[in-house]
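One chain follows as structure tokens, the form predicted on its own.
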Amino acid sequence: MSLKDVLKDIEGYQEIGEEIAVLKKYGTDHSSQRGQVRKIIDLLHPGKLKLHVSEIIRETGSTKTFRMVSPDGYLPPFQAGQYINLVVETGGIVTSRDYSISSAPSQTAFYDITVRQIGEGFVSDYLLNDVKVGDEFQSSSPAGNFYYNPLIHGNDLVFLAGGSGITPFMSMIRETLSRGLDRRIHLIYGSLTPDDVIFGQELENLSRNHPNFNRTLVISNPPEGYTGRRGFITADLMKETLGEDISGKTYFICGPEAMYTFCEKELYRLGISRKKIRTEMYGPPKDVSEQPGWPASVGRDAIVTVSIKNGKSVQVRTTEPLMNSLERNGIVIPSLCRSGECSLCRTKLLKGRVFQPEGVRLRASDRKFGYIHPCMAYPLSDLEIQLSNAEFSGSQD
């Protein structure tokens, strides 16, 4: 019996066939538009972007903004708060880092990414010290879930920023104020010193000229004679600066790793529910050996072997994310968030043990079948892994 004979026995098959025949005879012929949907999707969400630096803006002594434009004059749209994953090659190593777009979505000619110097910052050192106008890069299209949703977040917002965590908020603030949107924003911005405040003058001007935007600076290490607010973003400070209606607001947090735990606890002290708190993902911890659950038996400087099925073997440090270690050895895994959230880098763990800090969003099926996120996985023993989409550079064993 043929497939056609089987289909005829399915209830309704005959009627559907007759309807298709009628549509072919009297309906509109869209065959000339075949493939248009795919073209639109690729336009809005391209897999990769080519960018080059059109301008470099000095923000502070340790921070620069890199204005990125497209060679063909088109950049896909994004939502304020999203990031791009910028691919760089430095010292013979191909790697990538996520940078929030600090320009407003309404500015379609360029993406601004604002980079701050960090201790032992492999990529930030390269960007701040070596990159010049005209240099070309490849990046992902805009991604991420840290953005405002008018259906659930209301129009009374509090942004808690620390250091370079101001960058996604800057995009949100610029969008709200430049378009005259019906949102009230209070930014509480923590910084080590007044000189470290990124976008300081612009924030002051915006606060002065827009009644729906207020900003409070909190300096943790103020110089002698400083008269502004000092210390950290505590519950008492928030209560003092935000007024009585605290529970009706939505709180967004972005900053250094330690800031998340601290500020969340302070918000809970104020009675703010978890559903009213939005946190941006952050990358690998500064010292994973200090994370809860790290086994005391594994030393900070321990070296283990990672074997790739049907491939090479490399020596790696236990306290470096597996993805970073592989990149140092010429093995590049597809990545996007580098924070254990997006699953693009998911890799099969065949043998061995890894440590994955809190916040890594593994699916239940990944845990069941032995998949890990190398961007936030730390080897605790010799490993064997299976890679499917990795790119290899340099000599192969």
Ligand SMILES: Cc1cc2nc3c(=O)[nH]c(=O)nc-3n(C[C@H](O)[C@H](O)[C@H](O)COP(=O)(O)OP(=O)(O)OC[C@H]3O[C@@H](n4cnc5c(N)ncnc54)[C@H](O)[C@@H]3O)c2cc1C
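Just count from 1 along the sequence shown to find any residue number. Computed from a prediction, not measured in an experiment: that's the story for all the values here.
Not pictured, yet referred to below: the form predicted in complex with the ligand.
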Worksheet entry | Contact test in the model of the complex: H210 vs the ligand, heavy atoms, 4.5 Å | no
Discussion item. Taking the ligand as it sits in the model of the complex, is K286 in contact with it (heavy atom to heavy atom, 4.5 Å or less)?
Written reply: yes
Practice prompt. Indicate whether the ligand has at least one heavy atom within 4.5 Å of a heavy atom of S339 in the model of the complex.
Written response: yes
Worksheet item: Hey, in the model of the complex, does G121 get a heavy atom within 4.5 angstroms of the ligand?
Response: yes
Worksheet item: Does every residue of F78, Q107 and F252 put a non-hydrogen atom within 4.5 angstroms of the ligand in the model of the complex?
Response: no
Fill in: Option touching the ligand, based on a heavy atom within 4.5 Å in the model of the complex, out of E320, E266, E257, E327
E320
Worksheet item: Since exactly one of T176, S140, S191, T114 fits, which has a heavy atom within 4.5 Å of the ligand in the model of the complex?
Response: T114
Worksheet item: Just one stretch in 239-247, 92-100, 217-225, 129-137 has heavy atoms within 4.5 Å of the ligand in the model of the complex, so which one is it?
Response: 92-100
Worksheet entry | Partner contacts for 276-306, taking the ligand in the model of the complex and a 4.5 Å heavy atom cut-off | E280, M281, Y282, G283, K286
